[in-house]
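In the form predicted alone, a lone chain appears below as structure tokens.
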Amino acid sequence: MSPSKQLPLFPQEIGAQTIFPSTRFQGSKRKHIEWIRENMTRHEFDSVLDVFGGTGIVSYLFKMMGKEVTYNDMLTFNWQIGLALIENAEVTLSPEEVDDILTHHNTVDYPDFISRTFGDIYFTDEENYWLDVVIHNINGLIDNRYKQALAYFALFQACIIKRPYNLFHRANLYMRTADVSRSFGNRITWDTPFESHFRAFVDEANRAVFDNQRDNRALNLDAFETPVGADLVYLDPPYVNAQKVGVDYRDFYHFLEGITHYDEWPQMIDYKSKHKRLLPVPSVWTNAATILDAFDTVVARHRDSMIVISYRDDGIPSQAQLIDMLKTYKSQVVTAMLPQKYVLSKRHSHELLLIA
């Protein structure tokens, strides 16, 4: 959906101008958000910890409900989204600041790491150079952390919208540039200049900024280090399917994570990989053998809070395993299920909410 056609999210609560930006991240709960809201309004709570904040849409829901929200995500690029849309209450990017970010300043000696490293992988040579310039300008010309975060959000969205499948899982620039007839993809979107996308997504992000009069914050911590004490703890970890394959968001979006570590990026890359991914970091959340214990450890840490787990009923751990684990710490577990057909999957399953 284009920025101009993005529908308001809960406009009756804050005002018709408040809109959660469009997102193309895999695993986003946007299409489930009304269902989550309906289930959450049946319970009393005032503060929320979103342990795997991701796109920020569930934290944003809680913020719009007037709750005190702590957003957390271990990935730095996601944390920037949390800073921009959850912790930030009033700061926006002005047109002059956007112009400054998008200007090649002749007095600046710009780095060229993306240009030198990612040729013919994700973007054209001209686009790679543009990225080097804009990233340097965001870091060098903007000194307010929320303005930087808003600019990063717009940059991430612009990068994703110009990628086939909205991912960085393979070197497939040729899918954009090949002169062939197509039955899929969006050639117009891919060919739209980065600058146009960036400006549109800045506008979206600016419109999403609001103050709910609470002390919200965004954290960049491991799930096992998140602060205790929230009334409600929401868990939406990476999904491990029945074939024991986990969703590795760091791998899917490694390019965005690299952007947020620009100076350290050269030391972070697996140069043996054709698409210059980051060196792999094992995670208990993407391993079928360890994910149930990981759930148990986090739930035990937050046992004094209401626990809400968002998952699928065809994954590992199973619904029964999760319920048994929750009953170790809680006397009551309420289950909500939403039928769902997932893109690129022939199987029908259910989205789960387990409320303990």
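Counting begins at 1, following the sequence as shown. Everything numeric in this text was worked out from a predicted model, so none of it was measured.
Separately, the form predicted together with a small molecule exists; it is not shown, and the next lines address it.
For the options K330, R301, K29, H43, the one in contact with the small molecule in the model of the complex, meaning a heavy atom within 4.5 Å, is K29. A single residue from the set D222, E126, D143, D215 has any heavy atom within 4.5 angstroms of the small molecule in the model of the complex; that residue is D222.
Although the partner is absent here, T55 is a contact residue: one of its heavy atoms lies within 4.5 angstroms of the small molecule in the model of the complex. Although the partner is absent here, Y234 lies within 4.5 Å of the small molecule in the model of the complex, judged by heavy atoms. Contact annotation: N78 falls within 4.5 Å of the small molecule in the model of the complex, judged by heavy atom distances. Taking the partner from elsewhere, Q157 is found to have every heavy atom lying beyond 4.5 Å of the small molecule in the model of the complex. Candidate site formed by F25, Y249 and W285: every one of these residues places a non-hydrogen atom within 4.5 angstroms of the small molecule in the model of the complex. With the small molecule left out of view, the stretch that reaches within 4.5 Å of it through heavy atoms in the model of the complex is, among 196-204, 235-243, 96-104, 262-270, 235-243.
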